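Take a look at the structure tokens below, where one protein chain is shown in two forms, each on its own, as structure 1 and structure 2.
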Structure 1
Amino acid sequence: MRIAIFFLITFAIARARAETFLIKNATVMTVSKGKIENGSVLVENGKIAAVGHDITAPAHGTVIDATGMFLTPGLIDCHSHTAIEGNVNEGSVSDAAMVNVKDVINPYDVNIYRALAGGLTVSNVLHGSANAIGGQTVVIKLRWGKDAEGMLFAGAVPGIKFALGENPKRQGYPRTIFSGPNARERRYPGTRLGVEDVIREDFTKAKIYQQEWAEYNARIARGENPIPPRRDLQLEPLVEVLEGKRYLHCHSYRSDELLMLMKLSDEIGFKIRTFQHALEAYKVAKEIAARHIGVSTFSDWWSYKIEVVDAIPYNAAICVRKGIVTSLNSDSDELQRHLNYEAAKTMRYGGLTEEEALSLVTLSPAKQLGIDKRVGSIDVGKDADLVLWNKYPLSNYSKAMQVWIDGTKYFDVADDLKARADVAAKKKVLLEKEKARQESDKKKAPSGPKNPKAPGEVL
């Protein structure tokens, strides 16, 4: 047999570029087509090339024996604020559509790596919820080590964040932290009524803006010499929403506000792609399902504020049962590290099947983000975004061992262990160097006035 087969101990594979490899003897949880015991997955050129039982090992490449282990698609988080440099909210205005999370992706945010180590491979990075109309959003792949450009999920439809309820109206309250000697100026809106008004008004403006450009282009075509309209970065994203070129992801909780936005979207003619959080989606599941809007919710958050008193951990299950494309999201640098544990909760709360539960953090969020042709399940032709787990991934005892994105390994427990020893050693050297620098700085003639303060003297 001239095939070079490297029966490596499962984790001892050095990080490599997108390579050809075969994972065999794993329990493959495809999410789309059930579970394959003792299954194999072949990866070539960053894509899943074959899935099944008896796949011939590649001529050139690695074979990973995953006996006793579980393989799932990379997990997908439809609501994250990881990797945003600076403030997550442009909270100063009630419509912050002009800002774009894509401008401030920080590929060095260590939370990317930490999430990767929990099996997460794709994040929908969103602006905060301080305004009725928030900033533009971006989908990233957690390609740790690449620059910001290298993180972007090429081809994913960009989004915009809207927010309903308490958060966007909070700056309009006459009391709370906005009173007293350090009073802050109040900002419209201060009620849910006003939130609706802001969205209505700004879509109205966006339509006028759309019209202005249409007229301008028509006049140019007629050979006239009009002054062009001023490009308005605040309105352009809304025009894109109207034209279906940008997804609308809306932070929301209560059923009344969910229904409000749905009715408003019917009236104005825009599409809502997902309701984010939507902890009362279960109350208006019928209306949501009828409009094919996705729901991306929490597993079991509740009681932290008044608009979530009716939040129930059964929300996801009801939405699934009512035919809504449903996902579980993290909204948290911590929670995104174990979305599989979150998914498992829906087996207790609402009795979802294993595949339904796993889909909440894989295929369903992929559908919500319009990237399900590329990721979200283990199917031939899809991106090789894969996670190898030591145990059944819906168990609270499971742990991600290796994670690939586009067929490139970005996390490996064994490499991580090695790297931490390395970093610790390097850090020790750097700390010693720093100490030496400080001492030599002290020894050299002190800068500044000739009577420097005695060391340790309080300035």
Structure 2
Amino acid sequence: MRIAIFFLITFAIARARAETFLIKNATVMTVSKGKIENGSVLVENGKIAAVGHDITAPAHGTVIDATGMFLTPGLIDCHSHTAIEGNVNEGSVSDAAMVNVKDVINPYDVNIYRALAGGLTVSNVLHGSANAIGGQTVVIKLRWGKDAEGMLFAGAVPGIKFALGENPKRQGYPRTIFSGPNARERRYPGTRLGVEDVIREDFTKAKIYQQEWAEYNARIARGENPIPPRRDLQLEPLVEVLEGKRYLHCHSYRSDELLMLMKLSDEIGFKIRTFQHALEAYKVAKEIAARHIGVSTFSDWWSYKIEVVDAIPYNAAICVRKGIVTSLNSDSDELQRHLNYEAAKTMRYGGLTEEEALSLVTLSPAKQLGIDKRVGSIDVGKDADLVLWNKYPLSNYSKAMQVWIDGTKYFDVADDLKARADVAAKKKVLLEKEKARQESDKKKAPSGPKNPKAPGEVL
């Protein structure tokens, strides 16, 4: 029945278009310019056209009276594995830079719809953390009902996933086939030292590869006709990192490893965009801030494995106070459904203001992903990615009532409830037909024993 509901709503959304509408009398939490009581937001052609008071209602649009409700930007998750078809790890190699999450986005994953119901509109979908250098990442908008191409965030800078610690060295995972005491196959690296070595070695190869192509292009410019270097799909993403064309997001926990990668980046000359999870970032926040690296962390996860025993719920607040662009991420199809609650925890653990807390799941992750000119706050000219809440969004009593992406409504509580009723009615009709069919079959069945005993046969 649930699947039927999802497809029923999907069909309706797939036909939807960006509309012109005015949301009025809401408490507008812009994130960038404070809070507007009894405010209004006008949306036209998928963009925010006006924000403030006394905005004239469009003659050709819809007016939504949001009295007593709250309007925020759509929530943004800087670390997600939602909508990935199959396993998130290409764990057979230490460097999986040649694989791309974009190629396996599954637009039918019901977790997309469930995330929308929690106010989430943008996700940074990452490869897993089994590799020191993982696969390429992609930013998507949760346009439920669109195909995979239709979910891509056009213009977003592509990324790549790196990982430090237990996961890439594959220790502590007895079921792994690559390393550890119960391994069926050996795969380098098996230590934290080896993880560093993989990253250094492959960036060294990438710099050589980059130079080969630079020399080739220089010869072409001089009018020569040289043989081009052999393309290497494993090294090309690393060259893009070196040239600032691809963001490096690194799964990490321990402060010593954060320092290791920062020193390695200084040595080689690549830029780290974000440390993901980084539960010990508070120990080295000064060093992270000095390099303008973002931190995307959990609100209060700790002790789920040995390398996170020093995690504290004040990590996000400390990072914010040290001047780091900080966000909260989900890493979970469940947690992505209530990132607003996660943000609220930082007001209790660290004393962040309302706007700072909300920024952790809106504007700050947008900055980390390089999409803050498009999304993350309620400002004129930005994409109309909006969430209307029935109550204060930093309360666990709040609920997303309507969610828009690019001015198109992709979730509505009223539509969802109506769809459930419609599906229940159709299900009832089908069950009654099936019951009637079974009764008809019984009447048509021949009477007598099904296996009559033949003369002289022993049953």
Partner chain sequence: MIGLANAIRYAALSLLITAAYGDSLVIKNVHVHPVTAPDIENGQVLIVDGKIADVGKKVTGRGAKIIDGHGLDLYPGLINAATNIGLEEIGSLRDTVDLNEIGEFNPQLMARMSFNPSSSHIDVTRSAGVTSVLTLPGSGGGRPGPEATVFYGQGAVMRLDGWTWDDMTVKAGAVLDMNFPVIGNAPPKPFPEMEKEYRKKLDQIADFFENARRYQKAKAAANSDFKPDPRFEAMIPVLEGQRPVFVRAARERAIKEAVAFADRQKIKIIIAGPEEIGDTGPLLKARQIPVILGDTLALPLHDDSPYDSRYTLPNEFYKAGVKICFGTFDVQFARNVGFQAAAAVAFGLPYDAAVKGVTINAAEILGVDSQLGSIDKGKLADLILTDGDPLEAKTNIKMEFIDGKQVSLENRQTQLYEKYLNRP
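Numbers follow structure 1, counted from its first residue as 1. Note that the coordinates shown come from a computational prediction; the quantities given were computed from them, not determined experimentally. If you superpose the two forms and keep the largest set of C-alpha atoms that fall within 1.5 Å, you have the rigid core.
Choose between structure 1 and structure 2: indicate the form predicted on its own. Of the two, structure 2 is the form predicted on its own.
Threshold 2 Å Cα movement between structures 1 and 2 for Lys427, core superposed: Yes, shifts by 2 Å or more.
Please say whether, between structures 1 and 2, the C-alpha of Pro228 moves by 2 Å or more once the core is aligned. Superposed on the core, Pro228 moves its C-alpha 2 Å or more between structures 1 and 2.
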